[in-house]
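Heads up, the chain below is alone and in the form predicted on its own; it's given as structure tokens.
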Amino acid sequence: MHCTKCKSKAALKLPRHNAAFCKSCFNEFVQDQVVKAVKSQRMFGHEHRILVAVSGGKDSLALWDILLKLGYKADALYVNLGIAGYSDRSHDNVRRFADTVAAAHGATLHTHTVQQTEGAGIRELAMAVHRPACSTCGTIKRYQFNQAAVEHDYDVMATGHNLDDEAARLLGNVLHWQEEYLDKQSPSLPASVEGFAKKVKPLYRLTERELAAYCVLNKIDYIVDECPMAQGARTLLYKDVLNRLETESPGTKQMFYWKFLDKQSKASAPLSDMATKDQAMLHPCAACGQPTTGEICSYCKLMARAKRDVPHSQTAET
């Protein structure tokens, strides 16, 4: 198997592109896909300060690596969820990358520890408030990333959501006709209110397999296991269904999601108009000041309930 571009020995075959690449050409391909994503969605420029959400997995570490190599000013935030064993291993991966690759580019790693600030790990908090772990995790992560972006004056928050993630999310939203979520499913979302960072997904043109290959070829250590809290999540089922379709018809996920974005861009109500409507409904939370539609935001409600219900022995000093 030879590289489609330079004709040397190929390291990876990409059926959806009917192509194969050597390591060098594959790295160029990956970077080119991110550049296209950034430009086509007008995500950010080299003058902007970017905060990358890193988890220790392949997607987020690959994203941080790519943005730094492309010359962007990209720092990162890691949220330690306090999941026994899993969080320690993922944190180690993030620290190793930060101390080597990121440090060479002058980038900074910010760390937030849920156990210290929220008083318990994700598992304990979810049990205390009787909510699914993924929902509790999402609420805390959104709050902490918003807070970090504001405190450190970042213009953009970037997450490592890839093509598989976005196609699976789209499938779930379509199956349940969640029109509100469909309207806002975009790789680039404007800030909810003035003073907060916009949210972007620069990896939406790349698959999980391609990002795993990127990490392996570039010797980026990442945690391979799925988060143990995600077991039973419907997203995993949707990914499995799409993977079966992709095996039979390469390019299915790409066609499904990209065609949706194309239709969305031609919709009568652009995202900027939707953002204006959202901003009209939002106001500062009475407890913390972050944007919410109610008097108290979901994070503050969660924490008030957790402080009441989490056993004292599980509560750590903040």
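Start at 1 with the first residue shown and count on from there. Since the model is a prediction, treat every value here as computed from it, not as a measurement.
Same protein, other form: the form predicted in complex with adenosine monophosphate (AMP), not shown, and the subject of what follows.
Peer 1: Among 47 to 55, 256 to 264, 286 to 294, 29 to 37, mark the stretch whose residues have heavy atoms within 4.5 Å of adenosine monophosphate (AMP) in the model of the complex.
Peer 2: Only one stretch qualifies here: 47 to 55.
Peer 1: Verify the contact flag for residue 159: yes if a non-hydrogen atom of it lies within 4.5 Å of a non-hydrogen atom of adenosine monophosphate (AMP) in the model of the complex, no if not.
Peer 2: It does: once adenosine monophosphate (AMP) is placed as it appears in the model of the complex, residue 159 has a heavy atom within 4.5 Å of it.
Peer 1: Considering only heavy atoms, tell me if residue 78 and adenosine monophosphate (AMP) come within 4.5 Å of each other in the model of the complex.
Peer 2: Contact with adenosine monophosphate (AMP), yes.
Peer 1: Would residue 145 count as touching adenosine monophosphate (AMP) in the model of the complex under a 4.5 Å heavy atom rule?
Peer 2: Result yes; residue 145 sits at the interface with adenosine monophosphate (AMP) in the model of the complex.
Peer 1: Report whether the minimum heavy atom distance between residue 169 and adenosine monophosphate (AMP) in the model of the complex is within 4.5 Å.
Peer 2: Output for residue 169 is no: heavy atoms all beyond 4.5 Å of adenosine monophosphate (AMP).
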